[in-house]
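Given as structure tokens, the chain that follows is alone and in the form predicted alone.
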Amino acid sequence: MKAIKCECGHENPYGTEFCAACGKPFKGGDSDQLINMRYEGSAIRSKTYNKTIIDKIWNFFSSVKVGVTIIFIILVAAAIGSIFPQQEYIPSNADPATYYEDRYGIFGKIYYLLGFENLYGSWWFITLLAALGLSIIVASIDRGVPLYKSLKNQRVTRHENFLKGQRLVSITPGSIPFEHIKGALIKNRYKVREENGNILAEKGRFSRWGAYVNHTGLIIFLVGAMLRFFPGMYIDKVVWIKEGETAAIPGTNNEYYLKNNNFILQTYSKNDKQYKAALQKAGEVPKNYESKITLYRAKSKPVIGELPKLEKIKDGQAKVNHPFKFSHYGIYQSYYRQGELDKMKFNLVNKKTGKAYGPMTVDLNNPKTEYDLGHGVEVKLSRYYPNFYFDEKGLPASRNKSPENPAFVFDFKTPETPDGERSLVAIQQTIEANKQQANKYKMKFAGVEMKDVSGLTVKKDLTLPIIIVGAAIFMLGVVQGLYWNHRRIWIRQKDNETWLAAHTNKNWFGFKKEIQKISDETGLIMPVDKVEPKRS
């Protein structure tokens, strides 16, 4: 594709609509047909080349339709992803494979099977974001670079056909003093350039870059959003800690630990005159709930099942809307559960004599497998079902890992039963393994320990400053392109006539009012709009 050489001697890239030097249109001859000023007649790569595979890829991503389609797909996917809670917001002890179906039925099952439970971290959603970013970058380069070159190198003197091809053109008989015209233009805040008896008055060129500033902000915003999927950049997880217990803080790679010293719940008094009627109807309503916590740092590497040596950092509290902060983390009081089962106590009792061995205490969150009750009595925990039920086949199973309805399969040996006995023990239910011969011993419930549990949300967001900067630049571009416009007026004197041609990228109504004002001041004839007037 050869360059286009103008009669003025300037060589223009293939695809240029009018000469970058003199402005002569390469199509239309002496016609006063409007010329395309959108990109200053520049050769746009995506509209010129379409031969190689690189051209086709470039043209695909530079297409505005492709960009809008990608945005539409992202919006639809994000909308679907908000129908049910994402996996990170379901109970930590729930199995996603069964949770969505149990809670939301067939639609929940489809939701899970299609992978929407972890939408924003899925590879295809991140790919869509990357494709949108690539589309914005390619489209901006494709159109922005030629536009910048054309505006930077634009000449004052323009070909007669260029002036005729503008939307607003007028020819005033006689020669009007340039100083008079320049004074009127400067008065209206135009930057005036003069060359060979021609004038170019221009203002608001910076508004042409509003879309590209907008694109820059959006790219930065997308980068910030995508960085959320990189380890250590963004954390938003919930950790449940019982009173008196210590747990690792999610996302800190077992470096930091929290101890829940005490959970406090305050409710509105039913004698409160202001809310008395509402409280009588609603019952107890939380007024405040908070956790007294202690932050530790690990001094050694943790061993599975054991806490490492911890160094105390500080005490504090996590209160609703008042987070406990350290480093780049914030600990928020989000949820609570009162009176949750923590430990159960049992005695092994001889059915005939009533003699009891024990008690033995089973930690429902971290049960031991073997218990020595002394006197040669040993108990082994063979199976543990935290949330017990019988499945479709009539076999014992657990709905999840939350100890809401615990059941145990115990194997126990005593001096009287050296071969051992087995039974399944649930709340108010005992099933012996050997139905033909009854056990001599049974596990008898001896008590329960309950604790309050704090649901603490751990947040860390190093991407937020990037997202804020991107959003600010995006809005700056919106304002820049929306509230200003690029206006140009060309003045040329020829054969005792004064030509006026004008162009703006938008708001023609306001532009024509301004030209009318200049015409009244200088005596220039007001141009007639070649296009049917439209509301700006």
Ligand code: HEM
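The numbering used is simple: start at 1 and walk along the sequence shown. The structure presented is a predicted model; accordingly, all values stated were derived computationally and were not measured.
Separately, the form predicted in complex with protoporphyrin IX containing FE (HEM) exists; it is not shown, and the next lines address it.
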Inset, instruction - Choose from 465 to 473, 491 to 499, 54 to 62, 507 to 515 the stretch whose residues reach within 4.5 Å of protoporphyrin IX containing FE (HEM) in the model of the complex, heavy atoms counted. - result: 54 to 62
Legend entry - V379, I136, L295, I249 - the one with a heavy atom within 4.5 Å of protoporphyrin IX containing FE (HEM) in the model of the complex: I136
Inset, instruction - Select from the listed residues N214, S398, Q333, Q166 the one whose heavy atoms reach within 4.5 Å of protoporphyrin IX containing FE (HEM) in the model of the complex. - result: N214
Inset, instruction - Spell out, yes or no, whether the shortest heavy atom distance between L132 and protoporphyrin IX containing FE (HEM) in the model of the complex is within 4.5 Å. - result: yes
Legend entry - in the model of the complex, Y49 touching protoporphyrin IX containing FE (HEM) (heavy atom, 4.5 Å): no
Legend entry - is_contact(G481, protoporphyrin IX containing FE (HEM)) in the model of the complex, heavy atom dist at most 4.5 Å: yes
Inset, instruction - Determine whether any heavy atom of F26 comes within 4.5 Å of a heavy atom of protoporphyrin IX containing FE (HEM) in the model of the complex, and answer yes or no. - result: no
